[in-house]
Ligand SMILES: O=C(O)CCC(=O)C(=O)O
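One chain comes next, on its own, written out as structure tokens in the form predicted alone.
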């Protein structure tokens, strides 16, 4: 793993903001060249799917099994500007349990209600079957935004800062903003804000943060990649085809793609199971790594 990650460690100010608000915005996490490479890779995949007849250019499209399609996607696994903040929050016994890309074309002429999603916390049944209050974090995501959503109405996702500490559903119990032509709806819960960021921005958020997608009223097509990290004893959420990549990637990336020496190594890991821990000890010291526990 690139030692330049050590220049992007989680600061105490960032930690405090994430713990209190449930999200963190890191501007310029991706260079212009990286944004261009990722956009090109997504566009190539999108074209293939359009040619296959599985979608059309004017429909929203999302896909999870994309990591092996281009090295630009693979390089985000341990991105030097963002990954240190993941281990800074979650520690070293982690992997990528969930990833998806999403393209959202303009939806000016869609039917009322299209483009909105009921307010939710991530992980579905996890929020029903875990009985502790508040629910535990267990996972978090990074959203890499590749298009300019610095203004509302561009397919921004909405969040309620601080809501990760409450298990209560927001006031809007069903879909929000029934008319996709409206930029603001009186059904948006109090305190909800659109995430407005420039291309190349990374947005981290706790899986428990109440959030919702929204329609794209603009003339541009919004493109974003989401990478979700969880503890290694959680099952993958997606059918990611990644085992064929193991032979050509380093041990830390193999860990992040779910490799393990044995199943129990996800619960009681050895050094072979978690090379990330060894790397952190070598570069940060045993005391710093012990503090993560």
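Positions refer to the first chain, counted from 1. Predicted model, so just to flag it, every value in this text is computed and none were measured.
Just so you know, the form predicted together with the ligand exists too; it's not on screen, but the next bit is about it.
- Across the options 206-214, 72-80, 129-137, 161-169, residues that bring heavy atoms within 4.5 Å of the ligand in the model of the complex belong to 206-214.
- Annotated contacts: 231, 254 and 273 are all free of the ligand in the model of the complex [non-hydrogen atom within 4.5 angstroms].
- Heavy atoms of residue 198 never reach within 4.5 Å of the ligand in the model of the complex, leaving it off the interface.
- The ligand is not shown here, but in the model of the complex it comes within 4.5 Å of a heavy atom of residue 226.
- At a distance threshold of 4.5 angstroms between non-hydrogen atoms, residue 157 is in contact with the ligand in the model of the complex.
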